[in-house]
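Below sits a lone chain in structure tokens, taken as the form predicted alone.
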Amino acid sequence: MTVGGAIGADIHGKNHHVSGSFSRHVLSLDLLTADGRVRTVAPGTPLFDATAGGMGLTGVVLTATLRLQPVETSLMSVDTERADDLDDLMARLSADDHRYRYSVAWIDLLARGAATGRAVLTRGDHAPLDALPGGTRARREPLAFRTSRLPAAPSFVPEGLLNRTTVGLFNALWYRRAPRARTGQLQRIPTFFHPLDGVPHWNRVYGRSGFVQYQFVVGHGREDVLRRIVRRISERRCPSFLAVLKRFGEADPGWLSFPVPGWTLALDVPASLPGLGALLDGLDEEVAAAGGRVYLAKDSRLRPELLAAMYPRLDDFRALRAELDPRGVFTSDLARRLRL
């Protein structure tokens, strides 16, 4: 993803509960608008708030000035623990998340009964220099950045390979191999932040039909909605081996920015799953009724009539875009479907 794309989607990470989304770290940007002008846009202005999370519909970000966090090493100090079920997981996140800059939980969405929502919780921070063992290569080159690559997934995976049985076995293995409690493990940045990038063409495990990404957020106090959705997915036996839960902190100013204080669940599901459209439509309705929202950067099928309930500043965004770009120079399939 480019810096402009990160602003347009107002992306968030495992640190949102303490650091907010990407736009909160943008000091200014230069935006090429539909009339050919290049405008310098500062935070706190309507154009900035429309651009941050505006999915590229206000113009092209040419340059951006960012505030970055200094680090001493390229390693992470990571704590890992297992949660027995969803309530146990939410209790751990609520109690201790303030102690960590980064926090995320992998959830087994195929577990049922008393184990519904069981998870592996991983939290950490950038390792300081004095945490690295003396006399090692890491200590001599603390900022060296190295990636690791695993063998590529085959170019074609049979449609039936990714099913409830195989995903259930993978999920059970992933959960049980995780330590019940481990602290201070040193991990490379890629291992902690984007482990799938170590597997070339990992998306091929979904077969030719591919997969659908789905992510929603519901606010604090609506944990009942999160519980119901996790139970529905579990009872539906939806074969998702990539499902993560995070806590969001304060809302960001972007009119179409996704994060609001609460709980966000993201999952990938095979596009070939029978009844998937109806399942996700039902989840959309439940999320909207609870005052939550779906992440537009991952959306490919949300019905437009639900959008206003999810994004209260939608009319402001539409009005500014109509004034800024009356001929619709900047558009997309998403914009046309959702009438942005």
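All residue numbers are counted from 1 along the displayed sequence. Bear in mind that the values here come from a model prediction, so they are computed numbers and not experimental data.
Form predicted in complex with a small molecule: not shown, discussed below.
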Note to self: So the small molecule isn't shown here. In the model of the complex, which residue out of Leu306, Ala297, Ala64, Val287 has a non-hydrogen atom within 4.5 Å of it?
What the structure shows: Ala297
Margin query: Within 4.5 angstroms, counting heavy atoms, which one of the listed stretches 273 to 281, 311 to 319, 54 to 62, 41 to 49 is next to the small molecule in the model of the complex?
Written below: 54 to 62
Note to self: Using a 4.5 angstroms cut-off on non-hydrogen atoms, would Ile11 count as touching the small molecule in the model of the complex?
What the structure shows: yes
